[in-house]
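Presented below, as structure tokens, is a lone chain in the form predicted alone.
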């Protein structure tokens, strides 16, 4: 068996022998992602629904009976009070409303009430809008006019995005960022153990004494790190898809766009998954090359972890910022040549059905070139004694 394969199996077996690492890199993402990505949003949606169903108290002063009836229709309980503002401050009411001389003043503890106060504000707004519409209709009829004069046309919105873009939903932007983070977190423990870890244990010198070139040894270590990164990424993306399926299956209208909920669920077609696979492999090769270079230069495991943490911040933060601004960007060809950002922008373009052949070639070709360069630098460093033995 070639020396590179021997080293590959050695590092991969070390990875799978550590049960904590296997759980953290494979099992934990699959179990955690549905809860982490969909649990908070699902909980917020449920709490919003419960708040909307709750009968809340509104201290009212000077409001006509018709407005009081609209407040009751909105699920609110109007309570007569000469000082509605004081009632809210003292906790006697959830909101206050004063009606005088054609002016409505609403009192809410928005800074203290948080989301519940926002839900209450929306209910009061709807009640006031219905009361305003009734007043306008009555005055129009008194003037001999029809209500339709205020609605000369109707507006209908139709989403003409391709089915692939619609299937991505509001959470499609998470896929590039999750791919990036899981590749990095999956490769880090293997790279650290295979480089700085072996330095501390004193086994790296023994490994370098075998009749094999440093390049072959490095390729074996890098290959094991790539496999670990891809397994961790597959587990994380699988957990993301599992969460979307569970929400569609059990979440009801909370998972649907336009269904009164936040539009949490999404599904990815085979084209997106295929592009994500190729992009993940190329990015994993680049990330492993950079990490291996840093791990070889590190004097020990702790120093390597410091380098990896800094690398994680350098790579992830720009990707997160770009993901947040992706809908405002129209990337040109040169954007796809940017390390890390290029493949992330390609995935985003594929999710939005905007990717063309040039985007694929530039993003994948540049990432492959960066990966080859990073691995070449790591191989060069691995063959220099002043670097390998600098601890």
Partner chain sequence: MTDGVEVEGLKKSYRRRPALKGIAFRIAPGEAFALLGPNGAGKTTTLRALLGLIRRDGGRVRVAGLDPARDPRGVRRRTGYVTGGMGLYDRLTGAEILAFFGRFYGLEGAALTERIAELDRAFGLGEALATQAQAMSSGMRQKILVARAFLHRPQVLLLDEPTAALDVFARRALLDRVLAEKAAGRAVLYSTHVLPEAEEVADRVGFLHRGRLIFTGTPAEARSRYRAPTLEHAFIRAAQEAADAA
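Everything numeric here is computed off the predicted structure, so don't read it as measured data. Positions refer to the first chain, counted from 1.
One more form of this protein, predicted in complex with the partner chain, exists but is not displayed; see below.
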Checklist entry - Even though the partner chain is not shown here, does residue 151 get within 4.5 Å of it in the predicted bound form, heavy atoms only? => result no
Checklist entry - Is there any non-hydrogen atom of residue 13 lying within 4.5 Å of the partner chain in the predicted bound form? => result yes
Checklist entry - Hey, in the predicted bound form, does residue 210 get a heavy atom within 4.5 angstroms of the partner chain? => result yes
Item to check | Heavy atom of residue 141 within 4.5 Å of the partner chain in the predicted bound form | outcome: no
Checklist entry - Looking at 87-95, 198-206, 280-288, 120-128, which one sits within 4.5 Å of the partner chain in the predicted bound form if you count heavy atoms only? => result 198-206
Item to check | Joint contact, 23, 306 and 309 to the partner chain in the predicted bound form, by non-hydrogen atom at 4.5 Å | outcome: no
